[in-house]
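The chain below stands alone and is given in structure tokens; this is the form predicted on its own.
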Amino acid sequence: MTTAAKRIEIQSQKRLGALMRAHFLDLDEASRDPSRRVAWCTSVGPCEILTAMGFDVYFPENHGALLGARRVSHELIPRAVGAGYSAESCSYMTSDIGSTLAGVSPLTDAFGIAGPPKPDLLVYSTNQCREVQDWWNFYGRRDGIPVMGICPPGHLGEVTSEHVAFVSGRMQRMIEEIENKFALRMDYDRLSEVVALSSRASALWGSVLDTAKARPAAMTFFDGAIHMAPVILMRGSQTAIDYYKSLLTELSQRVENGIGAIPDERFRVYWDGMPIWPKVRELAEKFYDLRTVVAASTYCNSWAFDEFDGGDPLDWMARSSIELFINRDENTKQRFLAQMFDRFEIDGAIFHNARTCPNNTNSRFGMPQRIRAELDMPSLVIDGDLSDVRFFSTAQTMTNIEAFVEQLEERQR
């Protein structure tokens, strides 16, 4: 089955490519400039603190995703295994470590640079997983670089003021450690400015994702996996805000003109869990041919925070970092999914069982069965991984997706 209508590409993607190139070239320059400092940070870590204190910030998880998308992770992971890391631990981590040990990086082909920028500081938060702590410590031990981290309370139901105060206090302690280590002083007015910029980009990103509520949806999960880059890599910058304003204008125009990401859209599906980076294109094409839009996802929504409205910027950072879906208990996650199903008028849910990412996998403890029973929501579990293609069967998965869409057809009759 193939759709007859022509796909209309999102034009902003051309601009995104130029932004990404400029971003990584600037990071490369920063790593070679003795007057600048580079910090590595986890993707939903306290990057606003680092930006406010004058660090150029790099996010290694993006490198792990790029290794997966370039389909080289499975060649590099054995290097990390040889250094003592399990092949079934986070494939972002093992492929990134393997990349370093092998002395290769997809950044070379993409942007003409040797690889990730050399860090002066490594900062993490375990709000998404504990593996980042071990990942960052590998580089800390190897290169003698200071490592600082925050370990917030996890598996939360209600997020209380006590939770926020605890994490805010740990952030304040981190600021003091950075000040002492690098002879710096935090400008809290500057921190408020950075947080305001960060939250504005995040709010705009949420509005971008909401364009998929339209019928037909203006974008898909697979589009979101590409266009989410600035809200992660350029948080706290006017560049990210400007990009999402432009993208939102384009997508809003598509909604107004009835232009869908999937021509002749028939079904609307929710994606829970990580992208399968080595197979993003193939999966996108399969859903396109089935005239089924993956309209919303847990993953892309992870960077859509409430906008900062003043007050203590550390409190906003703390609350945003622990209210994440991945950091919540099962009941809270299920309520969130129910809200998303209603919000985007979802017909069925796909759960990605990522072999090396148990923290961002929600299919292992009965969630698909519960949403079928309690919400009458059809679901499909796909086995795979975020980066390691060896855990994914293309033929089996595509057959299962086809059968799942046939189930949706039966329900529609």
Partner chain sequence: MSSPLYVGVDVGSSATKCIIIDKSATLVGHHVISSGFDYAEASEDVVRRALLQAEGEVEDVAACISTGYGREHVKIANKHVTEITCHARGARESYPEVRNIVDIGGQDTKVIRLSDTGRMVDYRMNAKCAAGTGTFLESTAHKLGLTIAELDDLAMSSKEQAVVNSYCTVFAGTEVIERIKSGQPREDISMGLFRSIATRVSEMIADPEGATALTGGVATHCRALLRALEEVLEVEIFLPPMPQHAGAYGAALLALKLQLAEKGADTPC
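Since this is a predicted model, take the numbers as computed values, not measurements. Positions refer to the first chain, counted from 1.
Another form, the form predicted in complex with its partner chain, is not on view; read the next lines as being about it.
When contacts are defined as a non-hydrogen atom within 4.5 Å, none of 21, 31 and 35 contacts its partner chain in the predicted complex. In the predicted complex, its partner chain stays beyond 4.5 Å of every heavy atom belonging to residue 7. Though the partner is left out of this view, residue 383 does reach within 4.5 Å of its partner chain in the predicted complex, counting heavy atoms only. Using a 4.5 angstroms limit between non-hydrogen atoms, residue 15 is distant from its partner chain in the predicted complex. In the predicted complex, its partner chain lies farther than 4.5 Å from every heavy atom of residue 11. In the predicted complex, 369, 372 are the residues of 361-377 with at least one heavy atom within 4.5 Å of its partner chain, listed from first to last.
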